[in-house]
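Here's a solo chain for you in structure tokens, the form predicted on its own.
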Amino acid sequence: MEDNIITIDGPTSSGKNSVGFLLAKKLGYKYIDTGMIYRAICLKMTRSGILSTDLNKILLINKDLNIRFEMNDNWKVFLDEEDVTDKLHTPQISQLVHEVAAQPEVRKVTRGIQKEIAKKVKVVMGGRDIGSEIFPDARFKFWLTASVEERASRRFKQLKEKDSAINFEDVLRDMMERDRHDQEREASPMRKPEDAIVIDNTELNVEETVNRMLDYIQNA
């Protein structure tokens, strides 16, 4: 049983990052969004002109990846000591990350990065296969979910701030396609750990979701 790790898995826009960050702050842990590791790899690929088909070069990036996470008032990601937090969600990176993260060899090496991080500090780690594949022996494993319509609405509000022409129906369709892709991919498909604590936060805000998780942790 791994007591220094809390895993949070779930589909896109289920609140993993907001919830994970706040939960980690309340517990004095560090929050790690594992998806940002893949996005950092993709950013380095684009800067180096590496294609998604060049597996050997991608694996070299993975091997030498200099990434760290900071938690103060905000959560930040540093790549090669540069704050790249605001550079990891461009359309180019979002498109590329689907291709890169689906490769079994890449996920295998990235798993090592995640495990190394967890050896050094107490962590709340969010993703899609953390409780099922990476840390199946974590004492507390949570599965966050919400209706696809609610998740699409959350994503729509985020995108609308950057692009006023965005259409909700398109976001909903993309969300459903992303769910299907995550569930059917060959490498570490998204699935709920059998012993995970399920929290549907369709009607809950971040604070309410975290308080429910703390109830489980403190009363265990």
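Throughout, we count residues from 1 along the sequence that is shown. Predicted, not measured: the structure shown is a model, and the values here were computed from it.
There is also a form predicted together with ligand C5P; it is not shown, and the following applies to it.
**Asked** Among the candidate residues Arg178, Lys26, Lys157, Lys192, which is the single one with a non-hydrogen atom no more than 4.5 Å from ligand C5P in the predicted bound form?
**Response** Exactly one listed residue reaches within 4.5 Å, namely Arg178.
**Item:** Lys57 within 4.5 Å of ligand C5P in the predicted bound form, heavy atoms
**Value:** No, no contact at 4.5 Å.
**Asked** Heavy atom to heavy atom, is Arg139 within 4.5 Å of ligand C5P in the predicted bound form?
**Response** No, no contact at 4.5 Å.
**Request:** State yes or no: in the predicted bound form, is some non-hydrogen atom of His98 no more than 4.5 angstroms from a non-hydrogen atom of ligand C5P?
**Result:** Yes, His98 lies within 4.5 Å of ligand C5P in the predicted bound form.
**Request:** Could you confirm whether Thr34 comes within 4.5 Å of ligand C5P in the predicted bound form, counting heavy atoms only?
**Result:** It does: once ligand C5P is placed as it appears in the predicted bound form, Thr34 has a heavy atom within 4.5 Å of it.
**Asked** Just one stretch in 71 to 79, 145 to 153, 101 to 109, 116 to 124 has heavy atoms within 4.5 Å of ligand C5P in the predicted bound form, so which one is it?
**Response** It is 101 to 109 that comes within 4.5 Å of the partner.
**Prompt:** Counting only heavy atoms, which residues in 102 to 135 are within 4.5 Å of ligand C5P in the predicted bound form?
**Reply:** The stretch 102 to 135, when checked against ligand C5P in the predicted bound form, contributes Arg107, Gly127, Arg128, Asp129, Ile130 at the 4.5 Å heavy-atom cut-off.
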